[in-house]
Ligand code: APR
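Quick heads-up: it's one chain on its own, the form predicted on its own, in structure tokens.
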């Protein structure tokens, strides 16, 4: 039986990290694309030369054509530009929306029917834009952010409590950014909610560090941003979809009444399997948690209004 194919648009650090992890785990063959001639081809050749040492047969194919992804079951979109000094939110949205539009229209022209995983920032807004541009059903358009944020929260919890990260299940909802909503009540160590193991002040501090997790890495690197953890988060989502694992992960999806929210994309717990989104799981939030999620959604909604679709 042939391995499934996964397309990754954008051969920068995040896209390349995801491609490397997916093939190293022998999960799928990868089509890695970028507009820069030679970049995806060179990175693909480098990754393929690891196969003997890593004992796997999966391949990475570099291309400058989105059209080469017509047979891909999942397409991950990492292409986009970061916000630069002096650039307004509106300018960033316009640039990345135009990049996303180009990718999505080329995918549609191939008559492919992949599940889309959006990683381009601002992530929740770009996921909404991908839905509108492609016209795909909501089950096939997902944003990655909540998986990454929950991984970060889990790491900080494990580090603080000196336990294996395998024992931690973390939950972060809302928008990817300053208004993300970390949920200590639903974050557990071997099934024990962390408010039973840590003070409120300690839980709040870990949540704040999670919220600033990306900025902390940027400050340390000086140039560039995180890519190993985003790549790992992408691989986890892809695996659950390709192999119908029914894993529950917080993903950015279109809400149509869930959590009291409509026509907005934010992170909520989702069951992922064959075909993408299988179920949105509604947690029973406290009034404070619900209000925080509403505030997070309001920020996304204001940015959605800036889209020129």
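Numbering follows the first chain given and starts at 1. Everything numeric in this text was worked out from a predicted model, so none of it was measured.
Beyond what is shown, the protein has a form predicted together with this ligand; the following relates to that form.
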Checklist entry - Though this ligand is not shown, can you say which of 78, 175, 150, 233 has a heavy atom within 4.5 Å of it in the model of the complex? => result 78
Checklist entry - Pick from 116, 203, 171, 99: which residue has any heavy atom within 4.5 angstroms of this ligand in the model of the complex? => result 99
Checklist outcome for this item: Within 4.5 Å of this ligand in the model of the complex, heavy atom basis, the matching stretch of 118-126, 161-169, 205-213, 177-185 is 118-126
Item to check | 4.5 Å heavy atom contact, residue 35 to this ligand in the model of the complex | outcome: yes
Checklist entry - Can residue 22 be called a contact residue for this ligand in the model of the complex at 4.5 Å between heavy atoms? => result no
Item to check | Interface membership of residue 294, this ligand in the model of the complex, 4.5 Å heavy atom rule | outcome: no
Next on the checklist: Residue-level question: is residue 14 within 4.5 Å of this ligand in the model of the complex, judged on heavy atoms?
Outcome noted: yes
